[in-house]
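Starting off, we have a lone chain in the form predicted alone, written out as C-alpha cells.
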Amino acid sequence: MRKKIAILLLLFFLSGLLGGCWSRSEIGEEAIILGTGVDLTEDGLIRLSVQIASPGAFSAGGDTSGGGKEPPAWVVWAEGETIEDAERYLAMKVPRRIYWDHSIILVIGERMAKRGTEMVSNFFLRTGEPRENMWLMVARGEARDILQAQPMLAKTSAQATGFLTRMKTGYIVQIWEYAEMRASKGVQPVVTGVEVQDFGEGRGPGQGENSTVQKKVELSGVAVLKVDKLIGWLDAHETRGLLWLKGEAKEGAVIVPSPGEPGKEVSIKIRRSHTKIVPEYDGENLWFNVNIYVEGDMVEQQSRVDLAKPEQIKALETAMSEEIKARTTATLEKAQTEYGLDIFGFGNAFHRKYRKEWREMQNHWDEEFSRAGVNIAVEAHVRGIGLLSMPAGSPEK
C-alpha cells in the first residue's frame, strides 16, 4: 500500500513538470515581420524599419494580388542610438509582440553600409529570434524604400525580393554566408545589391483613373565591401563575371555572335558549370590558373545559318569561351586595380595549397592579390540545339 501511495505521489509531482504550454504564444498576439531594413539618418541615428504582415490579407481565400481593401503589409520604423534602442522605440508603436522568425530579407541602406555593416550583422546574428538564412542585401538608397515598394506579382516587396533571390538570377548572400566571408582573411565580402525602380504610370486593369507610379524592387548588381564598409558596386554585367570566378554561375545564358552573321545573336542557356582555381607560388611570383568548364544548350538563334553543322558548333563554343573570358577578365581587372580587393576567394585557394606561406601573407593578402597574375582558360561545350536543326522558314539547299 505504501509503495502505491509513493508511486501516486511521484506521478503527481512529475505531472507539474509537464506544463507544455508554459511559453505559448497566440498567433493573434504576434506582429510577424516579413522584411527588415536598417538605415543611417542624416542626424547619425539608426533607423530600424520593419514590414509587418497584415493578418487579414494573408488569410485563406484572401486576395493574392495584394489589391484588396486591407493592405498586405504595414511598414513602420523607429530611430535610436543603436539597433536595440530603435527596436525598443519600435515596440512602442506596434501593438503586438514583434516576431522575427519569418523575416525574409535584411536590407542595409547605402549610407549605413558606408559607415559599416558589422553592427547590423552582429545584432541579427547575436539575437536569438531572427533566422540566419535571411537574404542580406545593400540598397542603392534607403532600405526603408525597399520595404515600402508595391510589387505587382507578390503581396509584399519582401516576398517579391525573396522570389528574385531564390531564382538565382544574380549573386545572392544569406546572413550566415556573409558572416563566414567576414571571418575569412582569404576573401572580402560582396553582398546582393537591390534598388527601387518605377514600374509604370497610367490606368490599367483594376486601377483607378488617377493611378500613381508603381514601384518595383529589382536586383542591382552587388555591393563591394572592404572589411565591412561599402566602397563600390559591380553592375549586372560585372556580376556575371563574379559568378563565373566564384564558381556560382549555375543559371542564365551566354549571348554570342552568330557564326557567319556577326550582326545576329545566339543565346546559349547554361546547363552546368564549375570553376577550379589553382594557385602557383615560387617564393617571389604569385599567379593563379583559373579553369572554367561550362556546358550549354542553344535556345535562340537570330541568324539564318545552319548551326547544326559540326564546324558551326565549334565556332559557337569558341565564341562562348571568348565571351565568358571577356566578362571574367573585366571583373577581375576592376577588383585588382580599382578596388584592390580579393572578392573571389583566391586567398582561400592559396591557403589550402600553401599553408606555411599563407601565415606570412594573410595580413596583407589584398595587396598580394592585386599584384598577382591570373590566367583564365574557358572550356565551353554546346550540347544541344533544340528541336530545330535550322531556323524555321529557312530555304532548303
Partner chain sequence: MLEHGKIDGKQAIFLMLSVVLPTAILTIPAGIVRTARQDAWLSVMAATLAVLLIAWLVVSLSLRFPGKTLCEYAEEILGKTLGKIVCLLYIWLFFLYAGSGAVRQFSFFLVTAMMPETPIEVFSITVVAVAAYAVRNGLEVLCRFNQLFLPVTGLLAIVFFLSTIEMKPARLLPVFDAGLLPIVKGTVMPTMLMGEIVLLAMIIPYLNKPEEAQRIAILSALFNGFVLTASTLEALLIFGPDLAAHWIFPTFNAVRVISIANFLERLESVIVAFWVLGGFVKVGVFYYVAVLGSAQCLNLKDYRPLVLPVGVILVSFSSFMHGENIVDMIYYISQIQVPFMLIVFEVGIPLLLLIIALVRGKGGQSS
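Predicted model only: the values in this text are computed from it and were never measured. Positions refer to the first chain, counted from 1.
A second form of this protein, the form predicted together with its partner chain, is not displayed here; the remarks below concern that form.
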{"property": "Close approach of Asp101 to its partner chain in the predicted complex, 4.5 Å, heavy atom", "result": "yes"}
{"property": "In the predicted complex, Lys334 touching its partner chain (heavy atom, 4.5 Å)", "result": "no"}
{"property": "Its partner chain contact at Arg371 in the predicted complex, heavy atom, 4.5 Å", "result": "no"}
{"property": "Distance check, Arg166 to its partner chain in the predicted complex, heavy atom within 4.5 Å", "result": "yes"}
{"property": "Listed residue (Gly128, Pro95, Pro262, Pro310) with a non-hydrogen atom within 4.5 angstroms of its partner chain in the predicted complex", "result": "Gly128"}
{"property": "One residue of Glu251, Glu132, Asp85, Asp306 in contact with its partner chain, assessed in the predicted complex (non-hydrogen atom, 4.5 angstroms)", "result": "Glu132"}
{"property": "All of Ile255, Arg272 and His381 within 4.5 Å of its partner chain in the predicted complex, heavy atom check", "result": "no"}
{"property": "Among 139-147, 175-183, 189-197, 231-239, the region lying within 4.5 Å of its partner chain in the predicted complex by heavy atom distance", "result": "175-183"}
{"property": "Interface residues of 352-373 toward its partner chain, as seen in the predicted complex [heavy atoms, 4.5 Å]", "result": "Arg352, Arg355, Arg359"}
